[in-house]
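Read the single chain below, which is given as structure tokens and is the form predicted alone.
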């Protein structure tokens, strides 16, 4: 599916950057939103059809005005992708509310601030596509990253609610749950056979118009169906 006018939040690196580049390479106008100006400048230099907007997703109060500015600048909007996310390292005995708060501010509240705006606009227009980048990590509560797991579960539930609200208004809401992907955020993790961000972005754009919850491979869909079904007392003793 080709999108004429797209907005990508979290576009300075990883999957979000690749999605912005691929949308621009297909000939669409793209608004790229991220904190790091120098990364955004690189994007706009490589793709003149990418307009850049410096923004920290923790500054939710800025979103309504910035959203209006972006839609005016693009001349409309067909697709919104929320790809911003953080996963700070957490020690096995560490409980840090500061880290937990940052994770929820970026992964959940930032998504709500942007996607609420998209839901209103698309609902009134009677068309539009919303894509949220979740994670397989949100499928269970793992010991290693409690807040990150919880944030991705919250995001998935929020997106499901948006999907149910907007189903009769011509709006498509797709939740994508990538497995291991090689990005800056996962650079320090011992991942086995991570997917390249470029490939993940291509698959996400191919799935964007399908709606529902989507994994990036049939293998992940099968594996995580099994993992979700494991009883909690057994899951607690497993190193997953």
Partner chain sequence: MTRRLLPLETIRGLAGFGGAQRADGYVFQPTTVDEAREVLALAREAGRRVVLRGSGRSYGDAAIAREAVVLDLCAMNQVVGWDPSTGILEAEAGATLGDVWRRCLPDGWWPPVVSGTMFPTLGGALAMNIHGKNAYRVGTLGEHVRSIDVLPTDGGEVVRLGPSDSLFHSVVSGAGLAGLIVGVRLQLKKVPSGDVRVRGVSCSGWKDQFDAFDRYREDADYMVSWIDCFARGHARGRGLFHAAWYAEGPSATLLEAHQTLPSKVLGVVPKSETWRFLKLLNRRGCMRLVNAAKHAAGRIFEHGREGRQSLVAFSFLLDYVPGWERAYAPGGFIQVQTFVPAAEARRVFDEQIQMQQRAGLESFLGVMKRHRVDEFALSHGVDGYSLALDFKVTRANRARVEALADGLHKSALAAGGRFYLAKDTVLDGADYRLSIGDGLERLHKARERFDPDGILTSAQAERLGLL
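Positions refer to the first chain, counted from 1. Remember, it's a predicted structure, so these values are computed and weren't measured experimentally.
A second form of this protein, the form predicted together with the partner chain, is not displayed here; the remarks below concern that form.
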{"query": "Close approach of residue 120 to the partner chain in the predicted complex, 4.5 Å, heavy atom", "finding": "yes"}
{"query": "The partner chain contact at residue 127 in the predicted complex, heavy atom, 4.5 Å", "finding": "yes"}
{"query": "Close approach of residue 77 to the partner chain in the predicted complex, 4.5 Å, heavy atom", "finding": "yes"}
{"query": "Exercise: residue 72 in contact with the partner chain in the predicted complex, heavy atom 4.5 Å", "finding": "yes"}
{"query": "Single option in 211, 64, 180, 28 placed near the partner chain in the predicted complex, where near means a heavy atom within 4.5 Å", "finding": "64"}
{"query": "Heavy atom contact within 4.5 Å of the partner chain in the predicted complex, the stretch among 191-199, 211-219, 35-43, 64-72", "finding": "64-72"}
{"query": "In the predicted complex: members of 1-37 within 4.5 Å of the partner chain, any heavy atom", "finding": "4, 5"}
